[in-house]
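Let's start with one chain on its own, the form predicted alone, as C-alpha cells.
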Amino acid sequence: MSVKKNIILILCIFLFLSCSQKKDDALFNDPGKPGYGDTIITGSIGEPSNLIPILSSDSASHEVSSYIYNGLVKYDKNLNIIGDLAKSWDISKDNLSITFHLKKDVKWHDGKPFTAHDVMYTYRVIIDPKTPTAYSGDFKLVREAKVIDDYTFRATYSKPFAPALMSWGTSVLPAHLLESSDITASPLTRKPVGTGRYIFKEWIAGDRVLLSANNNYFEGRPYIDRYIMRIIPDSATMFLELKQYGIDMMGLTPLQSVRQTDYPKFKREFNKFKYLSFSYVYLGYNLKHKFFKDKGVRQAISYAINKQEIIDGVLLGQGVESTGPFKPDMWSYNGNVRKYEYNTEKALALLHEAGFKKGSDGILEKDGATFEFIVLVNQGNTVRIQCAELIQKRLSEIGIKVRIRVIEWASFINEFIDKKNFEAVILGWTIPRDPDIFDIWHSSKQGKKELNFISFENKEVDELLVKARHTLNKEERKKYYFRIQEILAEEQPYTFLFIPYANVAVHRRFKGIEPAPAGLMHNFEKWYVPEGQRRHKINAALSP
C-alpha cells in the first residue's frame, strides 16, 4: 500500500471515530422518554451478611434490602416523613398513640396480601429477646401494639417518644413466612420476600445479588428492569470495571474523583454527583483495653493525629473535619465542643500524666508494658487503610507502636466487631436523619449484634439520650444533644476523623436522577434509560 493510501486510510479511521464519538455524545445528551428496560449494575466492596434487615447492620445488606422491603413510613427527597405502606396516620392529642391506616393494594412478592398482622409480627419479633437485633430499643418503648383491623394498626407509648413515627420506617416482614419459625434460621436470610419495588432472584456468594423489577409494585413498576450488586472487594478493580462497563455506578474514592476521572472520555460516559454524605469515619477504641480505659490516653491520641493531613493527603480535600456524631448542616450539630488540633506536645504531656515513659527503644512504656496496639481496617477500603497508615506514622513519632491488620469484611464484622475482639478499629457510621443516637451510645446497647461494641458507658449521656428521645420540643432536644456532643468530645471514645463527600459516578444513559437533601436514590424507581440508549436485554447473560 502506498504512503498516500495509508494516510487516507488513517484519516478515514480518524473521521469515523470522531463521528462515532459525536454520535455517542449526542446519544447520551438526549433525555429521551421514560420506558421500561435495561439493567443497572452497582459495585460493593462488602458482601451482604443477611437480607432480613433487622438481623444485619452492614451497609451492603441494607442497600439490597432497601429495594426489597418497605416500612410504614419513609423520607421524601427533602427529608419530610411521608407514607410508605401506610397511607396516613393519626397522632393522639397526648402524643402517646399513633394509629396507622395501611394501604390495601399491597401484596408480598409471593402474592399474599400485606396486612396489619405483618406489622404486628415485625414488632413482636424485634422485641423478642431471642432475636439478635440492634434495632429493638425503639420498639421496647411501645406500651401496647394492637391490630385494630386488617388495615389499621396502633402503637401506644407510655410517654412521648420523639422518633416514634420514623421508627416505623423499619422494614416490615412477612408474618406468613416467618412467625412459626426461628427467624435466624429462616431461608429468607438469603432469599428474602418483601413488598418492595424489586424482587429477589439470586445471590451467588462472593459474586452478585440480582433483583428484578416488581411489575405489581403498589407505587408503579420501576423503569429499570434489573438491579445487580456485584461484589468487588477492591475499589481499584471496581473502578476498572466501571470504565470497562462491567458496572454502571459506584462511589468514587477521592483519588478517582479528583485525579482519575477528569478527562473527556470519562465525562462523555459518566455523570458525577458530589454532596456531603450522611456519614462519618472514626478511630474507635475498645474501652475494655488496659490503656484505652484512660480518657487522657484517648485524648492524647486525638492530639497526635493530624486530621487535616488526612483530609488533604488521603481525601484530597474531599471531606471536612468531624468533631462528633453529627454533621454541620444538621440542627442538632454543636460546633462549640472541645477540639483536638494536631499538637504532639499536648499528646506527650497527657501520656506522661497517665504514667507512660519512653523506653530505651523510644517506645512508651507503663508498668513494664510497651504501648503498642493493632488497628483493624476492612479489606478493599483504601481510604481507611491510608488513614491507618498516617495514624501509624504520627503515633510512632510520639512513641506508640501501631500495627495495621486488614481483614475481609464478613470476618471483620462477624469475628472481630461482633465478638469485641479488637483493640482499635477504623470504621464509619451512617448519620441518622433524626438525631436519636441511643443505639450507638447508650450503655445498655452492648449486647450481641448491638452497636455500642466499644463498650462506652457514661451515666450523664445515658440520661440525656433518654430525655432527648422523650422530648418533642425541638429546642429542648437540641440542648440535650449539644451536651451529649460536649461529653463525647471530652471523653473521646472515638477519635472522630472526618465527614467525607460522597462522589458518585453514574453512567450517562441513566436519566431521571434528581439530587436532593436525601441523596440520589430517593426516586430510583423513576430512573430510566431511553430505548435507544439501553445496554442490556432482560434475558441477556451478564459477565461476572
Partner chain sequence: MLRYLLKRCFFMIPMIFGITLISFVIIHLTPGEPDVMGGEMNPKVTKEVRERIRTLYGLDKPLHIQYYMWVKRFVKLDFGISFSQDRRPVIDKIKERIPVTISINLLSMSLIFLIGIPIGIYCARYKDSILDKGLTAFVFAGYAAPTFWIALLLMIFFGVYLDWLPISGLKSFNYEEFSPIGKVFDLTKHLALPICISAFGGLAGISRYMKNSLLEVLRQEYIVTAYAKGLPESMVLRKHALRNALLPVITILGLSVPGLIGGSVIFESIFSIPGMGQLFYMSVMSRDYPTIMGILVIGAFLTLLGNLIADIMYAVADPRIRIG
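Numbering follows the first chain given and starts at 1. This is a predicted model, so every value here is computed, not measured. Throughout, rigid core stands for the largest set of C-alpha atoms superposing within 1.5 Å between the two forms.
The form predicted in complex with its partner chain exists for this protein as well; it is not shown, and the discussion that follows is about that form.
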Legend entry - Ser277, Asn458 and Val461 each touching its partner chain in the predicted complex (heavy atom, 4.5 Å): no
Inset, instruction - Would you please decide whether Ser180 lies within 4.5 angstroms of its partner chain in the predicted complex, comparing each non-hydrogen atom pair? - result: no
Inset, instruction - Using a 4.5 Å heavy atom cut-off, state whether Pro254 contacts its partner chain in the predicted complex. - result: no
Inset, instruction - Determine whether any heavy atom of Arg534 comes within 4.5 Å of a heavy atom of its partner chain in the predicted complex, and answer yes or no. - result: no
Inset, instruction - Considering only heavy atoms, tell me if Leu316 and its partner chain come within 4.5 Å of each other in the predicted complex. - result: no
Legend entry - Interface residue in the predicted complex among Glu365, Asp150, Asp76, Asp128, criterion: non-hydrogen atom within 4.5 angstroms of its partner chain: Asp128
Legend entry - The single option of Ile426, Val337, Ile413, Ile311 touching its partner chain in the predicted complex, heavy atom within 4.5 Å: Ile413
Legend entry - Heavy atom contact within 4.5 Å of its partner chain in the predicted complex, the stretch among 227 to 235, 348 to 356, 268 to 276, 396 to 404: 227 to 235
Legend entry - Residues within stretch 241 to 275 having a non-hydrogen atom within 4.5 Å of its partner chain in the predicted complex: Glu241, Lys243, Gln244
Inset, instruction - Could you tell me whether the Cα atom of Lys419 shifts by at least 2 Å between the shown form and the other one after core superposition? - result: yes
Legend entry - Post core alignment: Tyr494 C-alpha displaced by 2 Å or more between the shown form and the other one: yes
